[in-house]
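Take a look at this single chain in structure tokens; it is the form predicted on its own.
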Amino acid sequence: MKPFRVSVHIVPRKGLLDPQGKAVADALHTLGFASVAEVHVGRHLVIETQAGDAKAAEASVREMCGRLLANPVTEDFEIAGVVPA
């Protein structure tokens, strides 16, 4: 087993109300950033795990997201990167 660091982004699903994202977008517009169309506020997790290889580490973290870390009804997640720790 080798150590891996896996980065995960979890965001609200498109089409669902994201009050934090709306507040940030409105604040950016107030500051003069008119080009901002939408903002989605989510979570960024970095998980250090042990696995035989990078593919196994990613599969394990995907299962973690599906079972606990991301709500499948209201959130989407993406694995942003898997690197040796």
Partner chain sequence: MKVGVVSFPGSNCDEDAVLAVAEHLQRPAVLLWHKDHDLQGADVVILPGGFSYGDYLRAGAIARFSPIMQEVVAHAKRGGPVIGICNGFQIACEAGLLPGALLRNANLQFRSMPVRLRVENTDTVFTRRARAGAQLTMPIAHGDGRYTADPETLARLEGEGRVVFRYVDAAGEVTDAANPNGAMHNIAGVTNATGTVVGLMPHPERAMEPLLGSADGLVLFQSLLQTM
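Positions refer to the first chain, counted from 1. Given the structure is predicted, the values throughout are model-derived calculations rather than measurements.
There is another form of this protein, the form predicted together with its partner chain, and it is not shown here; the text below is about that form.
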Inset, instruction - Spell it out for me: taking its partner chain in the predicted bound form, does every residue among 14, 34 and 39 have a heavy atom no farther than 4.5 Å from it? - result: no
Legend entry - Close approach of residue 69 to its partner chain in the predicted bound form, 4.5 Å, heavy atom: yes
Inset, instruction - Indicate whether residue 55 is a 4.5 Å heavy atom neighbour of its partner chain in the predicted bound form. - result: no
Inset, instruction - Look up in the predicted bound form whether residue 75 has a non-hydrogen atom within 4.5 angstroms of its partner chain, and give yes or no. - result: yes
Inset, instruction - Report whether the minimum heavy atom distance between residue 43 and its partner chain in the predicted bound form is within 4.5 Å. - result: yes
Legend entry - Within 1-28, the residues that have a heavy atom no more than 4.5 Å from its partner chain in the predicted bound form: 16, 17, 19, 20, 23
